[in-house]
Structures are given as C-alpha cells and as structure tokens.
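So this first bit is one chain, no partners, the form predicted alone, shown in structure tokens.
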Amino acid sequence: MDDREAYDRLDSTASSPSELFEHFERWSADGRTYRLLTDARHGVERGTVVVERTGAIVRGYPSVSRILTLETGVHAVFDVDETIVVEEKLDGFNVRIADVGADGPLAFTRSGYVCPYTTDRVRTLLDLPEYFTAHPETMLCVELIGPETPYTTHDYDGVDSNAVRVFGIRDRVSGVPLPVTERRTRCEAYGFPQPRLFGRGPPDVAAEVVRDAVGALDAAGREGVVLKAANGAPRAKYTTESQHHAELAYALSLPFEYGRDFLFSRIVRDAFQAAECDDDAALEERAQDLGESILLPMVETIRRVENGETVGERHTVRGDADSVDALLAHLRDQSLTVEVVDDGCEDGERVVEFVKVAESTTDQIRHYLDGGTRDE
C-alpha cells in the first residue's frame, strides 16, 4: 500500500499524505516492519499502525474524557434523551488484537507496538482463528488483567495468573465501534469474557447506576466505570477513591519516575469527588487515607534505597520460554532496565519474576541521602 492509499483510508484532516506520515515512526520487530503514530495527529489516534508488508491498518484507540463531578458531568457529556451504557473499567493493560497477515493475530499496545507476551497470552486465552475467519475487518479491544502481567498488576477474584476482558470491537481501519448490545452478543457467541455490565438508561438513570456501581467497586478496591453511548463509543470514565489513592501510592513509591501532572491529576479527581459525595466524617477519613498514600510509600522507598535494595516495578509472568524471552527483549528495547529476580518452572510453564528498575528514583534518592541539595 502506498502513502496515498493509506492516507485516503485513514480519513485524516491532514492536507496531504506527507503532512500526515511525517509524524509516523518506522519500527521493526520479528522481521516485520510497521509505521506507527506515537501521538495523535490530524484526527488520527495515537497508536495507529500501518503494516508495510501487507498494507494492513490498525486504528488507534481514542482517548476517553474523565468526569470529575458525576451529577453535572453525565448531563454535560450526553444528550438528555441518549441511552448510556455503564460498564466496569478494569485496571489492566489495554491492547488491540488484529489479524494483519500470515503471522496470525497480534496484540498492539496503546502506542502501536506489538507486545510478544500479550500476543501469546491472548492467542492462548481466546479462540482467535475462528473469530477472525468470520470477522477479519475488525479488531478486539482487550484488557489483560491479573496479578501476573508485565505491565499493570491488580488482583481480581477468580484470576490467579492473568485473564482477558473484551471491552470493545471496532472496525480495524475506521475505528467505528460495534454497538454495545451487538458486541456483548458477539462476544458471548465466541466465549469471550467481557467487563461487568451495571446498567443502561438516560442521564438521570445512568448517574444513579454509576453512583451505586462506584460505591460497590470502591469497597472492593476496583477501578471504576466507563460510560458509553449505545452505539459503542466510550464518552467518559469515572474512577473510585480507592483507585485514586492506589495510583498515588504506586507513583510515590517511585517518586522520581512520574511527573507532577500525574500526581496532581489524581489529587484533583479525589478532591472533586470528595466535594460532591463526602460529609465531614467521610472527608476526614478520605484526607487521612490520601495523606498515607502520599507519604508512606515514599518513606518506604527511601529506606529501601538506603539499605541498598533494588527499587522499581515488580512483576511476575508465566508462559512458554520463547514468549517470556521475547517479552524481556521487548522491554529492554523500550530502554527499560530489567533485572530478573527469579526464573523457574511451574506446571510446565516458565515463571519469571523481574523488576523494571527505577533508575531515576534510585539515583535521586541516593544523591540526597549522600548529602546532595535540591534547588526549589
């Protein structure tokens, strides 16, 4: 496929193919060459991929806005007579699965890279050949969840290692989603697990559905909800107090890896939710929890560095030996320092525990512990 054909199929706002494709990067892996868009440009989503050998296009997943004040936010985002579908938002690793050639279905990250480990897992966990034989023009939007993933780890009932949830089906080129009802029916037909459905209705009803769902999810330490139009387009997300605090605790356990925008955005979310939902007693409890999520993880990390321990993101993965090797190589290709802590075998699978070393945090803390000063 030449640039003009790809440009026409992507339907961007760029005035010419060169104006669009100057923003794409060329990337090679396993003998395949891709062009990928690492930032949204000219109406084309981040993570959009053009496979050079086959000409296949995999559209990026759109960014989804966040509601900070539930009651007014739902009415601002949706029309008064619009049907809103409320589904669970899962804390996992978001990929798009597409069959783009003879190599079989591949898992593309939000940035557009092929993740070899996630590709292996989704091929194991889902019956993809049967699905893509019938629906080759689509892509599955999937969350990889569980305590054994190389990216985001979170405990879910009934998930001992990792699992997938299909939260969307889209046209691979245009990105147009399948309506929610059709998507849920199709996934059920193929045995594809999906996120929990809490309910649907107009804005007034949906706001109450969200309020009830978030209360239950918060008590369980889960992330939140996504609000979608009936046509399948995600319009907004709303997260729980426990998720705000968990993300802050995680970021502040690696305090020099995450920027101020990351930290401030979580505090803002929590503040607006508290202003809308909390009485004085609940606000006092939230404030204490927030403070603990900020201070305690950072102090723990400082003490670990002082004791000479390695700090970073710790993960455990399992699978066949080749897929685990490919994953570690993929992570190192992303300029990450990966330290393998344990490498063994369990039930015929290779099980590896590793740390993505937080070099900035380690170096900065060591500098201050050694008497270094900070300009402020």
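Residue numbers here begin at 1 and follow the sequence given. Remember, it's a predicted structure, so these values are computed and weren't measured experimentally.
The protein also exists as the form predicted in complex with a further copy of the same chain; that form is not presented, and the subsequent description refers to it.
Using a 4.5 Å cut-off to a further copy of the same chain in the model of the complex, each of Leu68, Arg286 and Leu295 places a heavy atom inside that distance.
Across the options 130-138, 272-280, 98-106, 214-222, residues that bring heavy atoms within 4.5 Å of a further copy of the same chain in the model of the complex belong to 272-280.
Using a 4.5 Å cutoff between non-hydrogen atoms, Leu252 counts as a contact of a further copy of the same chain in the model of the complex. a further copy of the same chain is not shown here, but in the model of the complex it comes within 4.5 Å of a heavy atom of Thr72. a further copy of the same chain is not drawn, but in the model of the complex it has a heavy atom within 4.5 Å of Ile365. Residue contact check for Val122: none of its heavy atoms lie within 4.5 Å of a further copy of the same chain in the model of the complex. Contact annotation: of the candidates Val159, Ala229, Val77, Val173, the single residue with a non-hydrogen atom within 4.5 angstroms of a further copy of the same chain in the model of the complex is Val77. Heavy atoms closer than or equal to 4.5 Å to a further copy of the same chain in the model of the complex belong, across 351-376, to the residues Ile365, Tyr368, Leu369, Asp370, Gly371, Gly372, Thr373, Arg374, Asp375, Glu376, ordered by sequence position.
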